[in-house]
Structure formats: structure tokens, C-alpha cells
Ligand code: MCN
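Single chain ahead, by itself, as C-alpha cells, in the form predicted alone.
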């Protein structure tokens, strides 16, 4: 670590440091990590495997595959990615000698988790450490773990007695910040003669880089993949093995969707392959396998309980909007014209609102779960909502204000939401995993309901009516059946604070309420549909149409939900077609700028047609969570659309991203051999 008064001086100082390196043979891929006698990244790790979990044995499992009329399978790969937030990571620490307190401003999704980590390392009580997350320009999971800089900068500030700031540039973010996504699946599925899935076998490898991440550990990707891979499908038998493999690369962290874009891509490609073998279309094979309404609550082979969803309804709506029935003829007509067009679907379930019970199964040293909200009404009747969740561009201030306003019967304009400051907000786990509307919103709703009851209790003295006979709406507390008998919420609040003589003895004080919410978790679900056209001369893929039918429960704010879906789809398209971090044979990253690491722009992202919702019984607000759904569905939908466009050429699409050079080479090779009719 080099400290200086200016960034340029610090860079000069870093260049002046002379380091003697002892070159070792690098481990830069899953293949090199797992070969016999491979060099090890860490001593004591057998075959570079940090975690190895195998599903329960089933003595009849292999027999199912041997007797199944249809068995499909392949090796599926996905590229390593960066979350690439608009704002890179940064932090500023200052030691307040007078208060004997350390103040850390950091671009994070999880201020309380950062406080715990820094407190543990520095050995200072958490009450003497304040973490502030200002307006954060994107995170997508990269900032829901604690980076080394968030610990080193406070140490430097404490030792020097001066403020210390660190900020990374884009090159540093791409090469040294947390990565995600690099996975390999050896997957096989058995189907009966009508296309119903009988069994699934998956061997999952996740390249987790050189180190584990805090607090989610190196198990975050492989455990998610194994536990939730069956998705929305009725699966009688399932066997898995999942491994976290360490390499000489940047470590992994959760990235929007956390393995679900990858295993959903795998499941949807298996469905497409099976449909082709059985001789039914893409919609019908999903129709025969999706969990139906009468089966809820449904328990998967891994013990996960699914609450009611609209899996079949979402599929049917998407197929209707995409005009799937007329697609076969349209594709054949295009092929005769020399055009390569394809239609692809992707159905999936997204587990959201993970509570303590779900995270406890992962046996982490730090176990996230519920969240808290604190509401306080001032003498003017305005309310401050303080929450443990911590948004980074999702519009939480608007959404949570709406939830509180609905309970309190006042305008959202009279509500201020505070987040991202450990000094002024209740303890909470921050924002990740589509949890904020479900858990933070649930805590806000419960606290607002308590505060509303307190306001009615105060108003009951002023109106000489029982609290149970009162209702709140439009900023007024009125007697049921007598709307002309009312007192404004503002007047009741003023009475409590500055006019206590109007109330019985003991009513003086404050108007506030606290509540927490720790749900069992819920499931959103969706079907995505995509139409693509491939340029056979370049291999470039253009998305002509994109449709999302998403059931994310009650939509609190449609504009914000639309923005979340569109942003998620953009990141899913990036996974499908564009983004991949590449290392050379010596372990050096070669995609270190946005010239090399291709992020799609608005020119590559099509308009997204969105159709929504049904309520949820396991959520206080009825919301199911939907922050990651757009990202999860896009890779599978686009891969299936590309495969559909190339089906008459016998080209399979089992690797992400789907790059123009590989497509062009595959088309050229197929045509050189006369093509293969499907």
C-alpha cells in the first residue's frame, strides 16, 4: 500500500516499489486446475478443489437413464464476467480522534456487513465504527462482499490520523475486482417418449478464482447451482455434484442472478434438445413439465419448497404474444430466402426474499436473513423511514415510501427514506438477491401498521371514539361511518409533540415504531421469448424482438419494476452474446479495458415487452422480488433462439457467450459438409 497526497504521486510511488517475484506455474483454467499432479493455488487443497458436495445416492438412478426412450446431454460452458457497475469501487476513511470513532464512506450494498468485517480486523467495537454508503452508482453483487481495500483504507486512516481515500479506475475494476459466472456443467437428462423429464444428472464446476469472498464464501455459486437447478420443472429424480475450483484469477462474488443464468441456460437447452428428439415444439415440452397450480406448495428434490406461482400461465402468455404457433412456417420461409431467424423460450423460477432459514443451510460464519425498519413521525405529521436495506439505483426511496404511505394514509411526499448509514438506520443486511421489496418492504409495512395504530390511539382521545372505530386515509383520521368527524394526521402528531395538554397524561412522547421481517422465502417466475436473426456472413446476432412475462407478485411501482426488468435483460443479453473476461496462458488478464471487454450499448439492446403479476402469500407486501429475473432468463432464451435459427445446419449452442467468430466458423463448417437437416 502506497499513501500520498495526490493520486499521481501514489502511482509514482507504486512504480518505485521493487518486488522480486519467484515465477510459479499458473493455474488459469478448470482443465489445468483439475488435471492429475496440477500445481496448487493453495497448499493443502487437493486438486485445487475448495468445496465438493455430492447429492444423495439413488440406487435406481442409472437404471432410469438406461431405460429412458430419450436421453440428451452436453457440456455447457459460460464465460467469466465483471458486474461492471457504472461507478467503480471507492472508499474514504477518517479517524475522528475527538469522538474516538472511525467513519468509513464506501460504495457498498452492505454497510453493516462492512462494519462487522472492519471491526473484527481492527479490533474496535462496532459502536465506534460508522459506515456510510452514499448514492451508489450500481453494484449488481460485486459490492455485496467486503473488498480488501475497505479494510486497508481504515487501517491507514487509523495509523496516520488523516483521512485516506481510495478509488479504482475501470482497468483495475475489470482486472482486480470480484468476478462472476465462469462455470461448466456436464449435464444429462432422461425423458419419456412424450417428453416428460424423468431424471437429471449434473456435474457442476465453478472457477471461483484465488480466494473466497466475505461473507458469502467460495460456495455461493456452486451451492446455488446444485440446490436450485431443477427450476420450475417437475423433476422425479436428480443427482448432482458441485465443486468450487480455485485458480490464479480474481476471486468470485455474487453477480446478479448467482448461477441461475447459467443453470437456467443449461436446463432450457436440455429442454430444447429433448423437444427436438421427441418431435414436439418448444412450448409443448415445457407445458408437459412445468409445475402446475394444483401441485403447490411443491417440494423439490433438494428440499426447497415452492410457493404458488403461475408457471404455465406465464408460458402460455409468452407463447401467445410471440405467436409461437405460426413460427415454424415463418422460419422455413426465411431459410428459403437465405435468412437465419430463430425463436427461443426460457422458463424459470427465481427464489427471492431469502430469510435466515435459507442462508443458515449454507453454514457461513456470517448468516444473513431478516431485516428491520424504524418509522418516526415528526410534529408536522411527516415520517422518516429508516431501513437496513441499502439501494444502489433501484429506487428504494420511492418504493418504500409508497408502502409506508399506504399503511399510514398519508402522501408519499410526506415520507423520507433513510438508508445506507449504520449510525442512523436499524441493523440490516443490505440489498442483494431480490430481497429489498420482500424483506425490507415487509419490515416497513409492519412498522407502518404499528405506527398507524399509535396515531389512531392518539386521535381517539381527540375524537372521543375508540381506536378500533377509526380509519386513516388522505391524511385524516376519521370515525368509521362519519367521515365528517376527523382530525388530521398532522394535528394528531402536533398534539403528541408540542400540545400534550390536549391528551391524557402519559400520551406525551414520540410517534415511532419498529418492526422486523424474516420470511421463509418466495419464488418469482417468468418466461422470456426472443426472436433473433443471424448474419451468415459475419456470425453476428441481432435481437429483433424480446418479450418478458414475469410474475413478481404485487407490483408496487410499475415504472421501477419495468426499469429493473429492462436493466436485467440488458445484463442477460451481455452474458449471452458479448461479455467475457479472458486470461492468457500465464494468468494475465487480456480484457482490461472496455475496448477489449465488450459491454452492449443501447444500440444492441432491443425494446422489451413486459407483462406482469400475481400476489404472494408469504410476503407482507404481496411482492415476490424481481431484481434478478431479467438477467436469469435472457441467456437461455437467446441461446435457444440462436439454436433454432441454426437447427437445419445441425449446430448446437452450448457455450456462452455466443460470439460471432464461433458462429461464423460453425456455419462455414456445416455448409462445407452439406448441412444437416433437423
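These numbers come from a predicted model, not from an experiment. Residue numbers count along the first chain shown, from 1.
Below, we turn to the form predicted together with the ligand, even though it does not appear here.
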query: The ligand: the contacting residue among 106, 431, 262, 575 in the model of the complex [heavy atom, 4.5 Å]; finding: 431
query: Single option in 645, 653, 623, 632 placed near the ligand in the model of the complex, where near means a heavy atom within 4.5 Å; finding: 623
query: The ligand in the model of the complex reached by all of 256, 392 and 564, non-hydrogen atom within 4.5 Å; finding: yes
query: 4.5 angstroms heavy atom contact with the ligand in the model of the complex for residue 140; finding: yes
query: Residue 552 within 4.5 Å of the ligand in the model of the complex, heavy atoms; finding: yes
query: In the model of the complex, residue 399 touching the ligand (heavy atom, 4.5 Å); finding: yes
query: Contact flag, residue 210 vs the ligand in the model of the complex, heavy atom cut 4.5 Å; finding: no
query: Partner-facing stretch of 552-560, 463-471, 153-161, 528-536, counted where any non-hydrogen atom is within 4.5 angstroms of the ligand in the model of the complex; finding: 552-560
query: Residues in 626-640 close to the ligand in the model of the complex, defined by a heavy atom within 4.5 Å, in order; finding: 626, 627, 628
